[in-house]
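First, one chain by itself in structure tokens, the form predicted alone.
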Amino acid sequence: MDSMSALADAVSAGTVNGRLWFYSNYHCNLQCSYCLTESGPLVKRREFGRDAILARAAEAQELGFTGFGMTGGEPFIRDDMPQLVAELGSELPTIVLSNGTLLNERRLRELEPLADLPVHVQISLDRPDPVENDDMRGPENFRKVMEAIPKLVERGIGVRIATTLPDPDAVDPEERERLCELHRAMGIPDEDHVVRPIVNRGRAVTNAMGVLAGFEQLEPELTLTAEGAFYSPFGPTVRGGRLDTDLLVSRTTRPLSEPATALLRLAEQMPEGDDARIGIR
């Protein structure tokens, strides 16, 4: 069986996730306490170039991938990101993960074409209380996010909310309901609110936070970076300034069939019970 039909069959069967992820860059305007990539204003950028992303995206469609994901770092720190996301979204459903703090009026205007595309901007909002939220994510984060989300919604741009917590099962139900009331009031339905655990990788290791996760705990989602291909978007993490390679599947990202085949081989070796695996969603 060739790599094209094998990958398409695996996506159809649920063996691997159909979304291809790109780490667009590693630098960020924030320095969150649990960041997987130790991102911040002064870190090495590790940018994945626009042309390379578009070339891999074209291959992905031929192989049978069904969507794209963009993450970082903060993707919108790159000036070319609105156009790049629009180009991806014009081909397949696309999600871009953002902290939501760089969406000024100029950037919002640049994002307006996304309203006509199957694109969602997934913005992080961890707590309904500004102080507790900002303790984890940075000063003024809560305020900026609460201002940005309605502006995206007003423009008809798809928005999702991502809440990342040390232990989602231990959250006070009243606190969770207050957070849900916030996103509902901004026009974000419950089905577009993602709650997930902090993963003990990157800066979360330094701060003794999160759950342990390796191959068996993570959903197979091929993830490309400037330095190689990984098993999951939780894979290309950084600790002590060094890129983790324990979840690396290939040092090469082209042709895309090579890392896709490597991912499929690993996924097929994993035990049953993947319904409990951690994925970005």
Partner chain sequence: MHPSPLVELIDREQAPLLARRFYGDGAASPITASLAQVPELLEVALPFVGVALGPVSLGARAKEVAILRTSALLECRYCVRSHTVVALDVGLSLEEVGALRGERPVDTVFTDERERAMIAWIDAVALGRGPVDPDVQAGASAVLDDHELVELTMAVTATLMLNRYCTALDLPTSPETEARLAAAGIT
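Residue numbers count along the first chain shown, from 1. Since the model is a prediction, treat every value here as computed from it, not as a measurement.
Unshown form predicted in complex with its partner chain; subsequent notes refer to it.
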If we take heavy atoms and a 4.5 Å cut-off, which stretch out of 237-245, 46-54, 65-73, 30-38 is in contact with its partner chain in the model of the complex? 237-245
Contact flag, Thr225 vs its partner chain in the model of the complex, heavy atom cut 4.5 Å: no
Is Tyr26 close enough to touch its partner chain in the model of the complex, meaning at least one heavy atom pair within 4.5 Å? no
For the stretch 222-236, I need every residue with any heavy atom inside 4.5 Å of its partner chain in the model of the complex, listed N to C. Tyr231
